[in-house]
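Read the single chain below, which is given as structure tokens and is the form predicted on its own.
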């Protein structure tokens, strides 16, 4: 198999392990008939009376289908909010296993067009709220949560209207508020976010199964934490509004809600009836890819599950790592050139501040591998793109093209690792199967890509300056470097794979 085929195989196995059905079946089962128990990752929850289900997010339809199969007749009723058009898309893709069976007890409401809260999402949220409020101490509520859940669970605290809340968050965004700041304001003005759903469901037992699409898997951030205690208070919200000069420009309804909000976060003991369990994440997907890579004969290492930052900087990080491995394969793992590359990498890592990344430790592990086996470096997370142009693409395709350009420049620079000693492939893909507004999940690249594209009259730099990576990959070699998987029905951010093996010296 070629390196490209290996990379594709690793990506597919990583995604397969976090697909809703296998993921849920690994995490959850129902045991016993007389006095049944719901077992979730070794924890037991007695089903005393009725079992209900609610859910919201991009991957929740497939999760709900698998959950209903496991729960059988014990499930009394369910309501899920899912993205507009998802049932038709999955039907078209032939992914029947992610659709509910006819006569399902679960009601499906589609909304949040373009991942924005809308009246349909509001309608679904009202139905979920009504179900939660009607539960008793003997009921069990199973909550399914995945990325995209925030837009699918909009319920402003009355008298705030959805349009007023949206207008306020847009004003904050336009003034440069960070995503964390936006989420704090959203949670403060929401009925179900920031632990609101769990509070409404009390005294019922609440068990949340969560598919994380957020770096570090923070429970109060994924889908704005509807079943997790919020660590923020109304004071935090007021500070943010003051910071962006919006305190004196608020709708009357928002002023009313803020003046009546508790000044301290809800106490943790108020969530003793709740159990939040992460059942799928980028970490899980990368661990599976690592196992597969080792099975294919690679010395495999995971760099990080929290890769974040601007694509240009992340591309430089990957290019320098590749250069270091190639120097090792050329017998130059020790010496001034390798020391220079290591120094560059450590400086770059310090600037990027990737959460939890200990690059010095990773480089030591890389150094111990030796040149005997091909190397596989895996990473995951979510990069950002600063839009300069009007082209079409996504962060994964842009990252792949930037790595291709970086490798081309490194080979053209005197003193870089000797060409012809290493075969290299780089892959970056979104686990949901979509990268930006395109049908591609991401793209592959190699050091030869830029030169081969120039022979076809395609200038990689010109396409990058217009953020037009998708057009580049579509036109280059008939689109064979695009990663096209179709909708996957899951989402645990992005995955990158670097595969390197030594070639025979000429």
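Since the structure is predicted, the reported quantities are computational estimates derived from the model, not experimental observations. The term rigid core refers to the maximal set of C-alpha atoms that superpose within 1.5 Å between the two forms. Numbering follows the first chain given and starts at 1.
The next section is about a form of this same protein that is not shown, the form predicted in complex with a small molecule.
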property	result
Non-hydrogen atom within 4.5 angstroms of the small molecule in the model of the complex for each of 107, 119 and 124	no
One residue of 236, 138, 287, 382 in contact with the small molecule, assessed in the model of the complex (non-hydrogen atom, 4.5 angstroms)	382
Selected contact from 457, 42, 437, 32, since only one has a non-hydrogen atom within 4.5 angstroms of the small molecule in the model of the complex	437
Options 161 to 169, 257 to 265, 333 to 341, 140 to 148; stretch whose heavy atom lies within 4.5 Å of the small molecule in the model of the complex	140 to 148
Partner contact for residue 316 in the model of the complex: the small molecule, 4.5 angstroms, heavy atom	no
Close approach of residue 446 to the small molecule in the model of the complex, 4.5 Å, heavy atom	no
The small molecule contact at residue 181 in the model of the complex, heavy atom, 4.5 Å	no
Exercise: residue 394 in contact with the small molecule in the model of the complex, heavy atom 4.5 Å	yes
Core superposition between the shown form and the other one, C-alpha change of residue 387 at least 2 Å	no
Residue 367 C-alpha moves between the shown form and the other one by 2 Å or more, core aligned	no
Large Cα shift (2 Å or above) at residue 347 between the shown form and the other one, core-fitted	no
